[in-house]
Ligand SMILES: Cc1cc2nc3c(=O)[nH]c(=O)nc-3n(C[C@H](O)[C@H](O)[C@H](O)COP(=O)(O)O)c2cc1C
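What follows is a single chain, given as structure tokens, in the form predicted alone.
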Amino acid sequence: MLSMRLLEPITINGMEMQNRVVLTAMVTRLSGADGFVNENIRERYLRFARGEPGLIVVEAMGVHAAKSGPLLRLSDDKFIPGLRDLAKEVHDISPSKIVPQIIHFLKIARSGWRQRVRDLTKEDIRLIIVAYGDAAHRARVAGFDGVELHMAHAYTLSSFLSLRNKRPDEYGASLENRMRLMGEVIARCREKVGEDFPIGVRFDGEECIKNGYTVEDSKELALRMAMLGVNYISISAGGKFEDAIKKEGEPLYPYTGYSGDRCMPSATYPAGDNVYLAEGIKGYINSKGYTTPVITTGKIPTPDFAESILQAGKADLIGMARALLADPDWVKKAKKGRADTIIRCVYGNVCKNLDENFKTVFCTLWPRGKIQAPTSSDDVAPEWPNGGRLEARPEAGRILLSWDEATDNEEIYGYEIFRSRNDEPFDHHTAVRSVTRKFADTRVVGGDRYSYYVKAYDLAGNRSPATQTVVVDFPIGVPLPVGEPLPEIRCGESSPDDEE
């Protein structure tokens, strides 16, 4: 087994995790509107469990009975049997621990109207506190290893924490008042589950909206959580209604604006784009004498990258959703020293767009038509009958790649594209599904040299030999004339091209 801090065990209030990888809650759209666990939900989480992450956080479950789309529920005792069976099956096949994320949300309409925190009465607030406590108790009765309180993104508790919360009473405006409901919910949940049952919180390290809070406030929020006895703190970002894009006839979806991008950083963002939030929060609460484990999230692609975060002391655990959707065996492969067989997420956010459109969430890299990740124990690598015959050419401001089809004893899953710029070391650039044997690289700059090779991979992640390497000297689109200065244009004057 590979020796890494990432793979070391950690105990959180009696919950013994075998490694420091956390599958963070991720909407699947597999549940029905009735809120019960169904076969597709069961298969999704058992597939994750077979990959052996340290902790599985099951997608958000409503603590109340308000109408919504497909959403698991923990708002009534009638939901306990199905959830108990799910927790037991995970425990039977995997060392992974499993907790439900529980959530309260405000009302929203297709017209664009949405309920605000200022609309809630004191009785409404009291019922929220009670609902959270009762749901947390049901999580313990159902045999889960703990419970996670959802206080992130566009939902009720996050909206109370928000700097935009201007309620004129003891639940709004000042930082202390904005934390009041959070504290009352945590206290109620602790009362209902006891001291020996882990309680985690997921919240935004930064709202990522205009006039929203930043890490300066979130450090204080996290410190208060630690003081209240929360057992782990999971850091997200953004995902707010305030900058969501309105679609006519559709309810607002809180991940369509900039804050949504920050919540689930796409391929255009650097790896680990939100790690600084966990780093700032962890450093602050540690300096105050609290060692509450902090989970960082947001585009953490490889075991080596995750390990570098832990080694630098920026977080205590590594959270990921999309990376484990792309390859549920991510952790198991890392443990075996086979990180080179991990199917790497391309962060194209197709899964996010499916959620936005109320469709079943799957990974675009999966074989076409599948709603669960493939599984294979095969160890035979794909081959190139003709060496792959990779070709590359510059065209219309981009570099176009194409290659021949690979073969495999089971099935070709996809093709991984490696790139070097100006003779620097090659790095994973992206991947495409097996039905595609071409790629247009649009992130190229004129005057640079680009080198490429491609590897095919199968359902188990075995990589083929590389194709031959191709090199493209990419031309500058519009070279400036040598020795001819650009025309000087003073403010208020027009250029010759502007004249009719």
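Quick note: we count residues from 1 along the sequence shown, nothing fancier. This is a predicted model, so every value here is computed, not measured.
A second form of this protein, the form predicted in complex with the ligand, is not displayed here; the remarks below concern that form.
Student: In the predicted bound form, which of 147 to 155, 393 to 401, 376 to 384, 124 to 132 comes within 4.5 Å of the ligand (heavy atoms)?
Tutor: Flagged stretch: 147 to 155.
Student: Name the single residue among 319, 328, 414, 238 that comes within 4.5 Å of the ligand in the predicted bound form, judging by heavy atoms.
Tutor: By the 4.5 Å heavy-atom cutoff, the listed residue in contact is 319.
Student: Among the candidate residues 342, 309, 108, 351, which is the single one with a non-hydrogen atom no more than 4.5 Å from the ligand in the predicted bound form?
Tutor: Of the listed residues, the single hit is 351.
Student: Are all three residues 179, 233 and 314 in contact with the ligand in the predicted bound form, where contact means a non-hydrogen atom within 4.5 Å?
Tutor: Result no, not one residue of the spot touches the ligand.
Student: Does the ligand come within 4.5 Å of any heavy atom of residue 37 in the predicted bound form?
Tutor: Output for residue 37 is no: heavy atoms all beyond 4.5 Å of the ligand.
Student: Look up in the predicted bound form whether residue 299 has a non-hydrogen atom within 4.5 angstroms of the ligand, and give yes or no.
Tutor: Yes - in the predicted bound form, heavy atoms of residue 299 and the ligand come within 4.5 Å of each other.
Student: Is the gap between residue 184 and the ligand in the predicted bound form 4.5 Å or less for some heavy atom pair?
Tutor: Flag for residue 184 set to no.
Student: With a cut-off of 4.5 Å between heavy atoms, is residue 292 one of the residues that contacts the ligand in the predicted bound form?
Tutor: Although the ligand is absent here, residue 292 would stay clear of it in the predicted bound form, with no heavy atoms inside 4.5 Å.
Student: Counting only heavy atoms, which residues in 22 to 42 are within 4.5 Å of the ligand in the predicted bound form?
Tutor: Going through 22 to 42 in order - heavy atoms within 4.5 Å of the ligand in the predicted bound form - the hits are 24, 25, 26, 27.
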